[in-house]
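The chain below stands alone and is given in structure tokens; this is the form predicted on its own.
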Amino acid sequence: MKYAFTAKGESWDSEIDPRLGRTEFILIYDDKKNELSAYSNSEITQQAHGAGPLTVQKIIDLNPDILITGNGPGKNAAEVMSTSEIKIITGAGDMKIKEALEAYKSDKITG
């Protein structure tokens, strides 16, 4: 299973970024490889409009099964997300990445 997280940093101790479209980083955890990878989303800071769909497309390209974030996508980002089979889990905005993964696995956040 591959998990994507919107994040304010590049490690397990980073906070979830509640802003899906303007997240600073996208973290991918591959539980088969036990590997956490960080991807900068800094190019979004130059976007006046359309950050959500661009971020969602980047997440889709990283091919996770599940996205864990704070807030869900806006209308335009949701349209792009609907082209994928990625499950979106919201409500992790005040958690660290490791806490959010554990909360999801124990059904404390479900979307």
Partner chain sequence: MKIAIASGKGGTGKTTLATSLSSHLSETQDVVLVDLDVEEPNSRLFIRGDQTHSQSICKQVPEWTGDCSLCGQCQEICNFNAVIKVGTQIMLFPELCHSCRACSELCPESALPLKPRKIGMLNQIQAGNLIFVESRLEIGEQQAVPLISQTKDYIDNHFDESYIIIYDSPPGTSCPVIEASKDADFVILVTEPTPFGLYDLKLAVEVMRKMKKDFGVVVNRDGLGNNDVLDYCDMETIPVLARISNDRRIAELYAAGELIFSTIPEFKEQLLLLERSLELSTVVDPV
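Everything numeric here is computed off the predicted structure, so don't read it as measured data. Residue numbers count along the first chain shown, from 1.
In what follows, reference is made to the form predicted in complex with its partner chain, a form of this protein that is not presented.
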Even though its partner chain is not shown here, does K32 get within 4.5 Å of it in the predicted complex, heavy atoms only?
no
is_contact(P53, its partner chain) in the predicted complex, heavy atom dist at most 4.5 Å
yes
May I ask you to state whether V80 is within 4.5 Å of its partner chain in the predicted complex, using heavy atom distances?
yes
Is there a heavy atom of I60 lying 4.5 Å or less from a heavy atom of its partner chain in the predicted complex?
yes
